[in-house]
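Shown here is one chain on its own, the form predicted on its own, set out as structure tokens.
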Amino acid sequence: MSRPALPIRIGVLGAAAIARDFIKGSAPSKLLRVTAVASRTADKAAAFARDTGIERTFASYAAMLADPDIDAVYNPLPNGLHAEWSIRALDARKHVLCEKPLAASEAEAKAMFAAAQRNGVHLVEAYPYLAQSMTLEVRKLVNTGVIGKPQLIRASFGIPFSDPNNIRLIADLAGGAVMDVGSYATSFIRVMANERPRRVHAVAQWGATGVDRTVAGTFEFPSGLLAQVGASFATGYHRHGQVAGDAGCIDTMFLNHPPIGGPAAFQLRRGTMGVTPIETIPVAVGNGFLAEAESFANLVSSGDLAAWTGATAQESIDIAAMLEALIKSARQGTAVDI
């Protein structure tokens, strides 16, 4: 398939609130333009377009996917619809930037990447923090052995949600803390570990709508690495990641848009003792949607996988498997193989 020229023309599936943030954040880019939005009704699409300054509207998702003037699709639909509509977009020969979590199961994730491969287009999972200099620098330090071999990784993310009508709390749409904030924490663990875990044991508190409100789990990796994950809709806002190696430790808030949510810096200890000084490493500020969108545009226009700073296909498949196993383990009350 021929590669589209810059700027990449992106269509948005649905009128989700996060889509407004993506459009606003990516607006300064010269590498892409959000040119269209599709909704289930013409009125809803028109209202969204007026609010966001988008030129074109479609009264159905299918109509937008059939338009040859759309190069790529941003999919911010509810979690339970990610696989269906991403596959339909890929089969329409559109590149896809799909909101996290990519899929509700490992099987769905594999089917999505299979669709991308058979159509010669790219599918990637949207995690703005992975495009930020904060996370890029942390990954470099971990991968180059600055803190030695990772032995323990911790990641937790919590933010309160209680409205039963919020899609995050609707079980049929793959809601729950694990599939929302937990996807960030789980993805952090997977990309920092550089391997797929083999087992997880999780416990949960369940909400009135049938979804998980708070979950804690422990992943075991083939190398002996252990990782602890936390996700909650019942706590005050917190977002923290730690990679502890046998020669040092890194603490980060792995933010989407530093300094929003916390300082544009992370902490590094080069050494194993408590008296070893802690360095504060400053990083560039910026909007994660912009960084992520430009990385996606470079991937689509060049075809070079190295242009994409986010999760690889295998990492996204593994993240889906980890999320699925977390929920299964919490429901069963036993450890689950991944």
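We number the residues from 1 along the sequence you see. All values derive from a computational prediction rather than experimental measurement.
Beyond the structure shown, there is the form predicted together with a small molecule, which is absent from this document and is the topic of what follows.
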Exercise for the section: From the candidate stretches 190-198, 139-147, 177-185, 246-254, select the single one in contact with the small molecule in the model of the complex, where contact means a heavy atom within 4.5 Å. Expected result: 177-185
Exercise for the section: Using the partner position in the model of the complex, report whether residue 79 sits within 4.5 Å of the small molecule, counting heavy atoms only. Expected result: yes
Handout entry: 4.5 Å heavy atom contact, residue 111 to the small molecule in the model of the complex
Key = no
Handout entry: residue 128 within 4.5 Å of the small molecule in the model of the complex, heavy atoms
Key = yes
Problem - Interface membership of residue 212, the small molecule in the model of the complex, 4.5 Å heavy atom rule - result: no
Practice task
Give a yes or no on whether each residue among 3, 27 and 71 has a heavy atom within 4.5 Å of the small molecule in the model of the complex.
Solution key: no
Problem - Answer option from 173, 115, 226, 264, heavy atom within 4.5 Å of the small molecule in the model of the complex - result: 173
Practice task
Identify which of 56, 44, 270, 33 has a heavy atom within 4.5 Å of the small molecule in the model of the complex; exactly one of them does.
Solution key: 44
